[in-house]
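This document contains two forms of one protein chain, each encoded as structure tokens and listed individually as structure 1 and structure 2.
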Structure 1
Amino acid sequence: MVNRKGKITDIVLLFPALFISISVVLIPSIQTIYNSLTSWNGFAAEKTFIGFANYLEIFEDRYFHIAIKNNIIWMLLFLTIPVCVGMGMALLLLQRKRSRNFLQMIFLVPYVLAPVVTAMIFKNIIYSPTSGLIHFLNELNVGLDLKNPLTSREFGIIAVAAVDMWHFWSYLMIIYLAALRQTPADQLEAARLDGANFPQLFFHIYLPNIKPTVHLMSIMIVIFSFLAFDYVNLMTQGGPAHYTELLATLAYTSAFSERKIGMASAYSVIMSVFGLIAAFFYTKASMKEERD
């Protein structure tokens, strides 16, 4: 009788979360998958089923290949630069006791700024060739002829990613710092008694203890990289000549500019597949760590 009441209680407690997951995640996901197999403008009462025609058109589109390349570049940049900067700053703050909280607050300022504010700062103050930092450097007459990197086909996506990395690294710093502070004190003390220096402490004590956090944040970065949208939309709108397009910007253009909801849904499904692949590898790695 007690077990039966416990099961009923568990079901009652799980119901709100289950209801939200089904209504907000599962049902819209099924609708998106179905829409990706149709030709629909978002207003017509009926949807024309066309099978995988949207996907075939996407895979043959040169802008899709540019977007995939840019998303991969975005992912590789975020898996290296913000991770290294965030980890390095977390290690530095770990050594500071008195000023740690103040420095955390200062470093978090870029992260708490709204994306539109950050984008405008870089677009008008840093990258602008007429009134920004680039203009100032060109005015020094030191042989530099700098251009606005946002107008470059080769470096435009890197220039936009740099803005998001400036915004994102401090978030990683806070996560890594919280994980580093959970390292068992007895392990650190034993290593210090054995004469270990700080690099040895990091690679043999700190890093093994925070490995699950590093894995989780790496998977989240991969997922976020294929969902990136706001800074490209705010700063370049996919230009010049579509060379800074991402999967999300192509989906946005298809849905709201071209009124191709089926095509936009197909892009969304493709983005979700990359996220599911990343989640699969994280789950597999977590299961391996539990077995070990």
Structure 2
Amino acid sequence: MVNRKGKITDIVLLFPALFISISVVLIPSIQTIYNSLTSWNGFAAEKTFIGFANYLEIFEDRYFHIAIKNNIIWMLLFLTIPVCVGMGMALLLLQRKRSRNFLQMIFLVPYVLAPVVTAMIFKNIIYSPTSGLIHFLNELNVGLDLKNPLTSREFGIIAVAAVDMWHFWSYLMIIYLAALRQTPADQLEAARLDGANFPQLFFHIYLPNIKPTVHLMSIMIVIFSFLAFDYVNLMTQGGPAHYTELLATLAYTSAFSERKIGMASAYSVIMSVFGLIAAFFYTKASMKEERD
């Protein structure tokens, strides 16, 4: 039984965390939803209500279509490459008992670096055609003629995503490894006695056991694919000719370069809707995970 005094104590203890989150996240988010229905420029006292005009304009916009396409490319890349590499390396580390911690530490190094630093390293010393690895490979005289991938209309977004994947994959490895290690020993033992080989072991014992974790991580990847911002903003600013825009970079530039807060807000709401759909499944999956 919870008495009245206990309930008040609970609310008091929850208050600081809720207050901080509500004042920074919830209230301004509600304002953004309203602003998306106005033509506000950010400083005028009046916010003119224009209904869904911002959304209609966005849906017609060429850059919006590029951005959606790029967000989807981003999501597909992240759902395949880091997931496969992360799972593969987690399975390898699972076999390594003594060297596991050391290898885990090496793989995690890219994960702890700041996006600002990672982005600039790749831009200056890898992708740069005047001072980077690209330049070096071209100078080798083996017939290579590589261009700066960041200035490519087709591959720019992939070149940026590659940097984020370099940074991100080991996170998945760590999560998968932790999940794999909880596979019940008796199941593994029984399978071994039956003479199962490694692929059989993986598909029939490991994978079913870590399925909830794989599921949860995939939903998380979908959510974060629609929120991606840092690396594009740092490496291409959406260029060349807006070919690497994402929803988040479009929202940001409409707000801070063009001073169209109404428009930027509509972009943000659209991003959130994508995230929210995935978040709905995320919440369901993580609550289910806990009940099981």
Partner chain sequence: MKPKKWSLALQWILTVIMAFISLFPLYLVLINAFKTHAEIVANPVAFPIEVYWQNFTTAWKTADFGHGFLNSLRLVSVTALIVLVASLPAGYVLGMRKFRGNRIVQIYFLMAMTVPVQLFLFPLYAALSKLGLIGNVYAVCFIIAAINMPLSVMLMRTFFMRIPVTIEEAARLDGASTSQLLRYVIIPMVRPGIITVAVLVVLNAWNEYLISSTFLQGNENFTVTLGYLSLNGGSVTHDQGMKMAGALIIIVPILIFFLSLQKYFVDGMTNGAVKE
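Here, rigid core means the biggest group of C-alpha atoms that superpose within 1.5 Å across both forms. Please note that residue numbering is based on structure 1, beginning with 1 at the start of its sequence. These numbers come from a predicted model, not from an experiment.
Between structures 1 and 2, only structure 1 derives from the form predicted on its own. Comparing the forms between structures 1 and 2, the C-alpha position of residue 28 differs by 2 angstroms or more, with the core used for superposition. Core-superposed comparison between structures 1 and 2: the CA of residue 282 exceeds or equals a 2 Å shift. At residue 19, the distance the Cα travels between structures 1 and 2 is 5.1 Å after the core is superposed.
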